[in-house]
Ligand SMILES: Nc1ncnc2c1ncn2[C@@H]1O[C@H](COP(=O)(O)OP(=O)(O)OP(=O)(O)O)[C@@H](O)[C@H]1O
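One chain comes next, on its own, written as structure tokens: the form predicted on its own.
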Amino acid sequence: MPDVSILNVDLHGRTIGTLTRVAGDRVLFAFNEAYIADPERPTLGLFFKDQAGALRTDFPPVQTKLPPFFSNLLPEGPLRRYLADAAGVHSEREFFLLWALGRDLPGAVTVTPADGEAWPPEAMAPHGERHPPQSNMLRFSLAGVQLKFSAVAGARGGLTVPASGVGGDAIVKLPSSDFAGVPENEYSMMRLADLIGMDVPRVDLVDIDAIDGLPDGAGRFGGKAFVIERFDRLPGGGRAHIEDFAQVFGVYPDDKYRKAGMRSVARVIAAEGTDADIREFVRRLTFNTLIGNGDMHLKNWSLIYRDGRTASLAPAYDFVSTVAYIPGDRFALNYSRSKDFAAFDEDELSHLSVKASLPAKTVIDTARETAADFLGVWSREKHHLPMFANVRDAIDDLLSTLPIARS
């Protein structure tokens, strides 16, 4: 068949379906019959289940983009442009970008060409302005906008970015060209979360010059990089499957700020997770209000499938105080009715509880406990953590306006 390309979609090393590109840059996804017939099949994502929990198998084709679940496996912004340029692919032709980056994706999904590694001529941009793939192109993908790389931690310490970018067990996030001190900010916020008992991966703050293998063109806009353990990678090289809430709701990354609110996220966690997941959700919601994090969009909440089939709330990530950079910032999504940090009070929590079918007493008690824990740790640690002074001052200013902190 002319002008047809096929990518195999594997989950935990087993082929479960295909992505097929046909004429007109249309892409179709289909599960294979063996996966459909398997009653013990691993879960690809909640989007692929209907309201009764049965597997959905009929998906419409999409134009130029990939279906939302797969589109959300790809990076955004500067990281996408950087990797697409090395691959010789137009950054918006997602099928071919996934072709190039599919060996090392978030979670336990891998994507490989069905007919071998030969680079298809139709991958080039329509007017041929893109070059062929570089011989040392990076073959990994990490969701998000910030420039970051997957790195391997050495037995004696130190970090190395593999030549292909594939196989790392930690994520190295480089400084921002727009905002000073983001690595120090994120490290400090994640340490605070850890100190009050939240589910946080191991984190570190390292000198950029101590990281081996950073590729050419990776900007250095500060002396430190933030490092976080990959919770979707297991000892011995295994993978834990994860999905973010943009994937859960079947929305594209461009819609991560507007297609759902926290009550929708809470409903899913309540339906799929445990009471401990509900409490952890409320703790994160409260914590990110107290630090003024206006970037907790759908892609900054994830589920993890530790047994391959059952969803639970994944460990925390991407905790940054944004009010230090954006005065007057608000929460990324509606809590229940409002995005204003100062609206996060017991009335708003009660409304969220009703709309998301959560136990109101558990929600309010957990929020109160989290606020008390945070304020104690904050007063003790804020001058000892490496955040810049403007971050500390912005959080102090915000806390004076929050009902949950005063109560």
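Computed from a prediction, not measured in an experiment: that's the story for all the values here. Numbering starts at 1 and runs along the sequence shown.
One more form of this protein, predicted in complex with the named molecule, exists but is not displayed; see below.
Enquirer: Name the stretch: of 275-283, 92-100, 229-237, 329-337, exactly one has residues whose heavy atoms fall within 4.5 Å of the named molecule in the predicted bound form.
Expert: In short, 229-237.
Enquirer: Find out whether any non-hydrogen atom of residue 318 is located within 4.5 angstroms of the named molecule in the predicted bound form, and reply yes or no.
Expert: Residue 318: contacts the named molecule in the predicted bound form.
Enquirer: Taking 4.5 angstroms as the cut-off for heavy atoms, does residue 300 touch the named molecule in the predicted bound form?
Expert: Judged by the heavy-atom cut-off of 4.5 Å, residue 300 is in contact with the named molecule in the predicted bound form.
Enquirer: Verify the contact flag for residue 173: yes if a non-hydrogen atom of it lies within 4.5 Å of a non-hydrogen atom of the named molecule in the predicted bound form, no if not.
Expert: Yes - in the predicted bound form, heavy atoms of residue 173 and the named molecule come within 4.5 Å of each other.
Enquirer: Since only the chain is shown here, I'm wondering whether residue 295 would be in contact with the named molecule in the predicted bound form (any heavy atom pair within 4.5 Å).
Expert: Taking the distances in the predicted bound form, the answer for residue 295 is yes, it comes within 4.5 Å of the named molecule.
Enquirer: Taking the named molecule in the predicted bound form as the reference, which of 256, 191, 80, 263 has a non-hydrogen atom within 4.5 Å?
Expert: Only one option qualifies, and that one is 256.
Enquirer: Which residue, 161, 290, 142, 268, has a heavy atom that falls within 4.5 Å of the named molecule in the predicted bound form?
Expert: Checking each option against the named molecule in the predicted bound form, the one that comes within 4.5 Å is 142.
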